[in-house]
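We begin with a single chain expressed as C-alpha cells, specifically the form predicted on its own.
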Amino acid sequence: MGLPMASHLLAAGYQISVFNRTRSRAEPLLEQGAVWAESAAAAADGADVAISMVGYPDDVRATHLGEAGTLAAAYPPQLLVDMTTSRPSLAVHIAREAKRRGVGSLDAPVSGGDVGARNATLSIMVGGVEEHFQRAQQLFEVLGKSVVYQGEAGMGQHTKMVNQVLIATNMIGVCEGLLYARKAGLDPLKVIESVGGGAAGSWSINNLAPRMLRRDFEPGFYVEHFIKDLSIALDEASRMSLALPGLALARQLYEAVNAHGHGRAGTQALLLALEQLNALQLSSD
C-alpha cells in the first residue's frame, strides 16, 4: 500500500526520499522522481514529515525508534506519521519519544485496502496533538477521501481496531449467509442482488462475496496481517476488561485459514474455513 500512497504524494508535487528493506520494490517511485535512502534515518534526515507504512508493530518500532530509525536522524523530521495498523500503546510510546526530541507524532492508520491506496480513497483515522494533525491534513487529503481526527496519541489506532472488529464479525456473516443460500438451492448472485442494497448490505457482501463465488482469493488485505490486527484488538479488549466473543471466534477461524496455507490470501478466504466445516463448496456454477 505504501507504493501507491507515495506515488500520489509525488504526483501532488511533494519531494520524497524513500527507504524499503527491498530496494527493488521502490523502483517505480524512483522512476517517478523519488530519492533513494539507505535507511529510515537517512530518509527522514531534515524532512518536514516522515511517513511510515510497514507490516507489523515490531517494524514500526524499528522504523522510528531503532538505531537507524527516523528519530536517530542527524536532523530529525518535524513530524512523524505512522500509517501502519499497529498497537495503540506503541503509538503513545512513539509520541512520547518523539516529543522528547522536539518532534511531533501522529498515528494515522487507514482502511480501504490496496484499492483505496491506488485510488486515493482511503479512510484515515488520526490520533495525536490536534495542531500536528492540522499540519498534516493536506498530505492526508492527497491520500484519502475521509480524514477524521480522533483525539490524542493512540486514538487513531483504537479507531482502526473498531474498524477491524466490524469487518471480522461481518465477514463471518457474509460467508455463512452465502453457504446458507447455496445449501437452500438459491442462486447466491441473485441473493446478493436482493440483500446488498438493504439493511444487510455491507462493503464485504457487495464487493468480496462476488469474488468468493469466483474462487478469487487474491489479497486486497492479507489474512496474516488481519490476524495480527485481530490479535491487537483482543489484547486491547483484555486490557480494558472487555469481552468480545465474536472477535475471538473470528480470529480462531482466520487462524484455521492460515494453518491451511492461505496466510497470503485475501480476507475473503475466511470462506475456506467455513466450507471445510460444512463439507460444502460455494461457487457461481
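Keep in mind that what you see is a predicted model, and the values were worked out from it rather than measured. Residue indices: 1-based, along the sequence shown.
The same protein also has a form predicted in complex with a further copy of the same chain, omitted here; what follows describes it.
For the options Ala259, Val35, Leu242, Ala68, the one in contact with a further copy of the same chain in the predicted bound form, meaning a heavy atom within 4.5 Å, is Leu242.
Interface residue remark: Glu236 is counted as part of the site for a further copy of the same chain in the predicted bound form, having a heavy atom within 4.5 Å.
a further copy of the same chain is not drawn, but in the predicted bound form it has a heavy atom within 4.5 Å of Leu274. Contact check for Gly177: a non-hydrogen atom falls within 4.5 Å of a further copy of the same chain in the predicted bound form. At least one heavy atom of Asn278 is located within 4.5 Å of a further copy of the same chain in the predicted bound form. Stretch-level contact check against a further copy of the same chain in the predicted bound form with heavy atoms at 4.5 Å: of 56-64, 35-43, 22-30, 228-236, the positive one is 228-236. For the three residues Ser7, Gln78 and Arg100, a heavy atom within 4.5 Å of a further copy of the same chain turns up in the predicted bound form in no case. Taking a further copy of the same chain as positioned in the predicted bound form, the residues of 165-181 that bring a heavy atom within 4.5 Å of it are, in sequence order, Val165, Leu166, Ile167, Thr169, Asn170, Ile172, Gly173, Val174, Glu176, Gly177, Leu179, Tyr180, Ala181.
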